[in-house]
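In the form predicted alone, a lone chain appears below as structure tokens.
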């Protein structure tokens, strides 16, 4: 009902009456409890009635004598602890054993006392903010036993002595040590730290400092590292057996500082056994040990990384600048590959494939591989060697693995466009001479380069493959045409039609072909120009090859596989027995350097010397004379006579290639400048240089001077203009 008032809650109050207590009740009751405590400490608790004791302790609190009972407990326990302290101090046998026994007695006694005084523990102590009974016992033990000057000093000395003995190889009672240190931790982490841990760490630092000074003088790096690793493991094990777990990072930090950090520079640079001898000797386990130890100390890994990088740069620099190594480009690149594989394996096995070390490896290789400006050419030559037919009997999978490895070196190049220039030349030679290991391998390499360099580069390479296929179809058409039908008594010819622009630029070296070859060439030219309007053919005789049938003394016949230049020279001997160098040069019009290499391969290579040279020597001079070698013999019917080629470019060829590269870079730099300015509209000179460099560094590092010249060229052609107010700024002209 809304009009009624709310009912009050029902409450029953305790019946109050005055309880009269005997004035001597507290004294009599406490005397009983005190006697019981004494009996407990004296190991005579079996005759006590704990039920009666609990009731007495309960009544003491109930009748407001809790404070009397609590203070009496403190006094009684303190008295017993003083007696215990005297017994511990006067212990004749093992001090630690006696201390541990007394501690065990005390804790058992306090547990029984706590049970008797349970009601006080639950009511009086929380209400009056007193220390609980068992905890009170621990505090009294701490104050009267552990903090006793004589006991504490002796306790710490004994513990440290036991640890020292164990470090020196003796067997100690680990169970006792565990009990004593556990006692300290139970008294509070601050007690353990102040009484024992601080001294333990100080003494340990002193011990390992002395030991490290001793061993660093007599051990080599490997043995010292093993010793340090063993000591750290021992300390970790020691903590797990009888020290507080929180001590582990502290003691290991001490050992690491004294054994590793203090001596890490000396260890790394130790003669005959430091980091560099380990790297040279592929000492994977020792390197792994050094890595794991140095990882524990500040700047430890940076030290290893920096020394390794410095060694790599120095070793690599010696390799790429060694004149003897530059004589063989394939061996040069193979050594670089072996070197990288060696250090990559070290980083993987010993340094846990640490990214920082991988970055140091890459930075070191990028540094020294670009010191030698012929590295792009040599890498291309190495790829050329790998992609030629019959290289060490390698399968397609083997070749693919080699290409993957060399592509890593390719990524380090700062002048990737120079590599591209050489790669096109070498690919052209492989395709025209049909010496590729397989079309699949060639296309696989192009796909890899496409991933690295982009479509712009590979489109021309793919055009080269298309020309080879188209040429095959053209030759079928030629031989099926009237021009090819009347060639029964003429030399057979195979022509490769190369699209200008797709193939690398070649200097057109004129050569006077034999008359019978000229007739066939003219027939093909007439056929091709008759079927393709508006085209022009230019013969590249320096890139062809031929098969000749030759008859030597005693009617011995061989089929000679030679270059077009060699064919021109050999066919002169159909009408002459002896020709001088000058006569051959005049009759063929082959350029001097090419002619000398050609004659050298025909007359100076053992087993391939179809000509004789007078006087006989390895080099060709303009005063030499040549004769047909009718005494030539070979076990093979087909004899392949390769041209003695300069595997590397000569200095003039190198300068010419460099000039072509520089010319090719100009439009790329200009295009980058225009892209930057088109998006930014107005920009200062330094910003243009920075942005253009960022755009082009994947292919090459443009020279700031060249960038400045290209900017001037663009200003002249009115793509850009200088700002009229501020001459340092450029403006894009739409």
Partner chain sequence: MECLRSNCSDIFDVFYKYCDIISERNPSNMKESLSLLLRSIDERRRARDTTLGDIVRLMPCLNLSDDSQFNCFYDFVFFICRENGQKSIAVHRALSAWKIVLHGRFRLLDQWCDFVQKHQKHNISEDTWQQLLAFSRCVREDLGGYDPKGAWPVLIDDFVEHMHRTIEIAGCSENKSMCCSISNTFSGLNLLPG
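Since the structure is predicted, the reported quantities are computational estimates derived from the model, not experimental observations. Numbering follows the first chain given and starts at 1.
One more form of this protein should be noted, the form predicted together with the partner chain, which is absent from this view; the next part is about it.
| Pick from 669 to 677, 34 to 42, 54 to 62, 705 to 713: which stretch has a heavy atom within 4.5 Å of the partner chain in the predicted complex? | Checking each option against the 4.5 Å cut-off leaves 705 to 713.
| query | With the partner left out of view, is residue 68 within 4.5 angstroms of the partner chain in the predicted complex by any non-hydrogen atom? | reply | Result no; residue 68 lies far from the partner chain in the predicted complex.
| message | Is residue 686 near the partner chain? Define near as a heavy atom within 4.5 Å, in the predicted complex. | response | Close contact exists here: in the predicted complex, residue 686 approaches the partner chain to within 4.5 Å, heavy atoms only.
| query | Taking the partner chain in the predicted complex, which residues along 712 to 730 bring a heavy atom to within 4.5 Å of it? | reply | Contacting residues: 712, 715, 716, 717, 718, 722, 727, 728, 730.
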